[in-house]
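In the form predicted alone, a lone chain appears below as structure tokens.
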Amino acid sequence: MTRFMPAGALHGAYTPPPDKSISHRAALFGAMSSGPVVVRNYLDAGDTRSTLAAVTAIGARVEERGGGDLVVHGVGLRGPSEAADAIDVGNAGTLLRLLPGWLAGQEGRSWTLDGDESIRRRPVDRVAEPLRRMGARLAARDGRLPPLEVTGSALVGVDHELAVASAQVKSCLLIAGLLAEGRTRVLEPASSRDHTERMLARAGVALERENGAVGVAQVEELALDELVVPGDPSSAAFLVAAACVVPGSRLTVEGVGLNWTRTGFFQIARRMGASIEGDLEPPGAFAAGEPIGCLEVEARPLRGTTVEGAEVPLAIDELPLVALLGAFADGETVVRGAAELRVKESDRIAGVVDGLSGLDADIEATDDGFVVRGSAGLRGGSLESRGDHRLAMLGAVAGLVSPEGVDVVGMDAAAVSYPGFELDLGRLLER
């Protein structure tokens, strides 16, 4: 148990850790490449270590050069070897959902993907079922849970229409499409993170992008040489949220990724009255690379807002922070269309509602989100992380603005994505 107490305003400049989503993809696409790929600013955390171990288990070689730089010596798009044992994805949901797309097209070879207790509760049917439509052979516990067995087979491109926008599912299917005969198209009901598409474009893959759908055709190889990972906006969001609610705070966030498919929380916070200055990438923009920039954040009075389903994929990991801002905002804050939160590392809707209710927030769950009625803030108390890194960090930020402080049970979960969170927070707090 770790206790967080009010400790003054946040001040100073801050560089967030490397982006977790892009780090996962950099390692995977490096392993799919035939030549060496230099990756700069790779995140050193539990989840991303699992990805390095996974690509090593199937034949790639990872050369670590220090300072976040590494070289991935890949096996080529069709070169992964069978692993000696089950591939341990740890707690990495991104790895669990993206890797099957690559392995499913490797004829004559098979693998088993497994993970920790939390990952064993995360459904894989949303990638398994569309992959089966392409000819993939997969088997899961109870038909939908890890361990996941993947037996490589010949794939055929098909059109996929996703019921729920998901960057992980989309990415899995596009990766499978690189190995499938014909063309593979994925249509989502709303935009989701586009890091996979940008990396594919950088690798020389011809993308079809039209009317909300993205498509790829079979390719022989990926042409990558270097990838730079920006600062993670999802990690930065926790300190940005703290600077929004702790009176007197002024924070500069440097080197952060400003891809429009990742800055939904910043846009929502601005709508709530938060002072977040910086040039966010315009919605709909696309390039074979990631925009990086700077944000200036200052504490201001907040007002309630409504977050609808189309915004949810662009702020999926930061919606717990919207609940926190809502507790300090004037009026009501409503989040709808976020049922995806129930199948994250934990049921985040239940975790956020139970956690903040225990701190005296006026919040209630709905089937696909939550409603927060603004008040004078939080009293304090105890918050259980449930093994979820984002709930752990939510509790820490809540402690900074709760008169009685907050005891976070399971704070070590934060190391999955942000090992230096407490250190960075301490450096920015006034003493």
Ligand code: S3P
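It should be emphasised that the depicted structure is a prediction, and the values quoted were computed from it without experimental measurement. Residue indices: 1-based, along the sequence shown.
Same protein, other form: the form predicted in complex with shikimate-3-phosphate (S3P), not shown, and the subject of what follows.
S.K.: From the candidate stretches 299-307, 330-338, 282-290, 164-172, select the single one in contact with shikimate-3-phosphate (S3P) in the predicted bound form, where contact means a heavy atom within 4.5 Å.
M.R.: Going by heavy atoms within 4.5 Å, the stretch is 164-172.
S.K.: Just checking whether R198 would be counted as a contact of shikimate-3-phosphate (S3P) in the predicted bound form - the rule being heavy atoms within 4.5 angstroms.
M.R.: R198: no contact with shikimate-3-phosphate (S3P) in the predicted bound form.
S.K.: I'd like to know if T94 sits close to shikimate-3-phosphate (S3P) in the predicted bound form, meaning any non-hydrogen atom pair within 4.5 angstroms.
M.R.: Answer yes; at least one heavy atom of T94 falls within 4.5 Å of shikimate-3-phosphate (S3P) in the predicted bound form.
S.K.: In the predicted bound form, does L356 have a heavy atom within 4.5 Å of shikimate-3-phosphate (S3P)?
M.R.: L356: no, not in contact with shikimate-3-phosphate (S3P) in the predicted bound form.
S.K.: Looking in the predicted bound form, any heavy atom of H73 within 4.5 Å of shikimate-3-phosphate (S3P)?
M.R.: Close contact is absent here: in the predicted bound form, H73 is far from shikimate-3-phosphate (S3P), nothing within 4.5 Å, heavy atoms only.
S.K.: Could you work out which of I316, A361, V89, L224 is the residue within 4.5 angstroms of shikimate-3-phosphate (S3P) in the predicted bound form, going by heavy atoms?
M.R.: After the contact test, the surviving option is I316.
S.K.: Exactly one residue in R121, R202, R271, R126 has a non-hydrogen atom within 4.5 Å of shikimate-3-phosphate (S3P) in the predicted bound form; which is it?
M.R.: Selected residue: R126.
S.K.: For the stretch 220-254, I need every residue with any heavy atom inside 4.5 Å of shikimate-3-phosphate (S3P) in the predicted bound form, listed N to C.
M.R.: Nothing in this stretch is in contact.
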